[in-house]
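So this first bit is one chain, no partners, the form predicted on its own, shown in structure tokens.
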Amino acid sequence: MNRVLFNFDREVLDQIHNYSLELLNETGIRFPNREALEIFKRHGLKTDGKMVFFKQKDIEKSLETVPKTFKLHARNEDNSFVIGDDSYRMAPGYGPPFIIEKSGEMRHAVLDDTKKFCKLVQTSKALDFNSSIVAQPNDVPAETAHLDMLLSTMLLTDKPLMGSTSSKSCARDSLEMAEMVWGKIDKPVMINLVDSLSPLQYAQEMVDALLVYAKAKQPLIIHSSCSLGTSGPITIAGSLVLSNACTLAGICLTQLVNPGTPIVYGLGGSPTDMRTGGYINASPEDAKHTAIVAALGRYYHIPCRSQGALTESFGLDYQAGMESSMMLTTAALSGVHVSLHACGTYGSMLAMSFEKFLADEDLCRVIKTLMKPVELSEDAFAMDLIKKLGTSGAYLLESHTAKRCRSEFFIPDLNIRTIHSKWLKMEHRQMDQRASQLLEKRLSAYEKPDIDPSIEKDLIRYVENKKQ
């Protein structure tokens, strides 16, 4: 029995869907964007000012053209991957403006932090692609920061990447830089996050970016969420209907613009602390939304996205480990396809940490190992060996063991596996201390991936010209 979703059968999912359709038809979704409104009108949807009203047939027709799977291509094709199959793809934190040091002090993020995170993503055994805003740098102009971050990702990694959705011009810049790498873009090379604005609306900048990427048929994560009790109903059931309606409306727009645009379905919800009015991450309610998004993704036959290793903590303590593990494990076992914030975030996505990034990496690797099917080959059953040894138990000296001893079991980079007496003598018992050591080792061993020198020059020149 799925203990998270024990009462979410087809009938309940139908109910969420039907209530969402009721909201879409009677209340509508606010789209403060002239071009989007014209597109809706051209396709026969009712509008009233900036409100758009959707009929059941509008939503169902749009869902028919969304691909069930798609391949996201990397600069290094060996790092390309499919979204929507049985794999679980992960990216690091998205959007934090601060860095929390090992001491606990918090400071503004700078561009050099972004570059360090890019190097960690490139050398990561767990992360599949980089976020577009792994940390928002404070030492470069906000208007052009997207250029510096994207340039860092393109030059320092050769894994798939995310484009900027901060504005129409940011989205266009992202595509133009991608064209310098891939030439004419005729395949998915850049995945992009579009968040709705709860309740029941989208910000103009998000719609602008959605239109740019949909016209280029680049994948979009359409994500909606609310704070339970403030920007949405206090109940999970109510928040599901509210957010699902917003997500469906955004998906509908993408398919009206360009049928077949790849989509990742996103939905979340976090409670409001009724004692303080604050926003809470990594709660049991948050985890339930993570599980439910997978159920709704399957319901609509669309790949789905959830949150990652989130925590309310500001240090690498038990709380951070407990909350991050709960969120990632729930996502993995529920069938989520993509997670942002999988490594490095503290305090409701307020800050990034290099030490937590590396600790979360071990967690991500554990999760991916947990998801791997148990090998059931003839060699794995080892029947001849079991019969040969009988009750002797001398498996350690057998070639079957020697052949598999370096790859059969998960080996952590940071977790301690030793006896108590040795642990007492360890110089660095605490996780953050060991993570600091590993950070230095990883950064010193980093090697920049190959890129055509002429492409690199073109990218650098483009960014410099745009800044001027």
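Each form is matched to the other, and the largest set of C-alpha atoms that superpose within 1.5 Å is called the rigid core. Note that the coordinates shown come from a computational prediction; the quantities given were computed from them, not determined experimentally. Residue numbers run from 1 along the displayed sequence.
This next part talks about the form predicted together with a further copy of the same chain, which is not shown.
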Practice task
Would you confirm whether the three residues Phe40, Pro259 and Ala445 all fall within 4.5 Å of a further copy of the same chain in the predicted complex, going by non-hydrogen atoms?
Solution key: no
Exercise for the section: Give a yes/no on whether Phe8 approaches a further copy of the same chain to within 4.5 Å in the predicted complex, heavy atoms considered. Expected result: yes
Problem - Residue contact check: Lys57 to a further copy of the same chain in the predicted complex, 4.5 Å heavy atom - result: no
Exercise for the section: May I ask you to state whether Gln437 is within 4.5 Å of a further copy of the same chain in the predicted complex, using heavy atom distances? Expected result: no
Practice task
May I ask you to check whether Tyr395 falls inside a 4.5 Å heavy atom distance of a further copy of the same chain in the predicted complex?
Solution key: yes
Handout entry: Partner-contacting position among Ala320, Leu193, Ile251, Val336 - heavy atom within 4.5 Å of a further copy of the same chain in the predicted complex
Key = Ala320
Practice task
Let me know the one among Ser231, Thr144, Gln204, Thr123 whose heavy atoms come within 4.5 Å of a further copy of the same chain in the predicted complex, would you?
Solution key: Ser231
Fill in the blank from the handout: Among 160-168, 67-75, 309-317, 204-212, the stretch whose residues bring a heavy atom within 4.5 Å of a further copy of the same chain in the predicted complex is 309-317
Problem - Contacts with a further copy of the same chain in the predicted complex - residues in 352-370 whose heavy atoms fall within 4.5 Å - result: Lys356, Ala359, Asp360, Asp362, Leu363, Val366, Ile367, Thr369, Leu370
Exercise for the section: Align both forms on the core first, then report whether Glu398 has a C-alpha shift of 2 Å or more between the shown form and the other one. Expected result: yes
